[in-house]
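Before any questions on how it binds or moves, here is one chain, the form predicted alone, in structure tokens.
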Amino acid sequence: MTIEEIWENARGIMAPKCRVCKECNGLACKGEIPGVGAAGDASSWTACTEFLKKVKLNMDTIYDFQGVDTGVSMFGRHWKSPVFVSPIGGISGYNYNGAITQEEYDRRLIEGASAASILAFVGDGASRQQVKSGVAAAVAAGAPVVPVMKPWKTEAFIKRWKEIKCGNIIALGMDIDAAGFANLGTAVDSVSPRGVAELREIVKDAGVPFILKGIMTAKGAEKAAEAGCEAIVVSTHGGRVIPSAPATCSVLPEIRAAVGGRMKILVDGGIRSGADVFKALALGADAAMIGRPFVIAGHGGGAEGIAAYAEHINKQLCNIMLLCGAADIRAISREMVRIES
């Protein structure tokens, strides 16, 4: 099954909520769900895609070639690629059209990610069942997983964590930017921003590496490090929680400068190709996360589609690394890209 075939299959299955656009830039779905309905003006999403277009690659093929290795080690495991799957929920509800259930998507996601040797993150929602679904799929497949939970009040967060805790979970995340996410509906009163002391309590209780998702400033990254987080995800929740935010990849250099090697930095937002992944790593990320294209791949090709898309992106990344003189992920540097005004 080719990527083109997977996308064509998905186009018929996912209508009308997702158009499976050739360029996923937030323009066709402006003001809609699962587009940029919460932020309204689409600016935070399109900022990501437009910024990445301005980042150019510096080609250099004069070197002693010894092969290319895209592998990366993180959270105690080694992965084939620095491309991870973003947590996405609402498959059968408010985000997508219900062509498949959340449980079926999670099964396809976990099986496909496992086959491709990449890490899958699974999402949370107002219902406890959503995050349980992703964890259950990982248990059934004997695969690793990272659940990302909403910033519930501390007692509720810890209670939900205890309900899903198991050996398949290699790290735990909180998408703290969901403190202002209207899609939680009546549950929105149960989420809120978190102070460093509260986060430290949650991190300590987790007992696994903790990831804070929704960090957009150097100051925020430093506070996450202070709270004991092992990693952060630079993210604006797909541009859906706040208008007029900068591009996620544009803030990577200042965040990396602030935290150095104290924590892993992941990033999402408009990353749609192996070249985009390379750009993100050159600007300071340790790994990149992709969301909706994996949902499309799962709808259009099942677990096989998930694995095929992961392989497709990794092959692109491998080719860019070869052309820019990076033998492995650690060799990707700021000097390999330039930003045009």
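The model shown is predicted, which means the values in this text are computed figures rather than measured ones. All residue numbers refer to positions in the sequence shown, first residue = 1.
There is another form of this protein, the form predicted in complex with a small molecule, and it is not shown here; the text below is about that form.
Asks: Okay, which stretch from 103-111, 163-171, 121-129, 255-263 lines the small molecule in the predicted bound form, with non-hydrogen atoms inside 4.5 Å?
Replies: Among the listed stretches, the partner-contacting one is 121-129.
Asks: Does any heavy atom of G89 come within 4.5 Å of a heavy atom of the small molecule in the predicted bound form?
Replies: Yes - in the predicted bound form, heavy atoms of G89 and the small molecule come within 4.5 Å of each other.
Asks: Please tell me whether any heavy atom belonging to Y96 falls inside 4.5 Å of a heavy atom of the small molecule, as the geometry stands in the predicted bound form.
Replies: Yes.
Asks: Within a 4.5 Å heavy atom cut-off, is W45 in contact with the small molecule in the predicted bound form?
Replies: Heavy-atom contact with the small molecule at 4.5 Å: present for W45.
Asks: Can you tell me if P144 lies within 4.5 angstroms of the small molecule in the predicted bound form, counting non-hydrogen atoms only?
Replies: P144: no contact with the small molecule in the predicted bound form.
Asks: Among H312, R272, K54, K30, which has any heavy atom within 4.5 Å of the small molecule in the predicted bound form?
Replies: Only one option qualifies, and that one is R272.
Asks: State the residue from A287, L283, A303, I290 whose non-hydrogen atoms include one within 4.5 Å of the small molecule in the predicted bound form.
Replies: Selected residue: I290.
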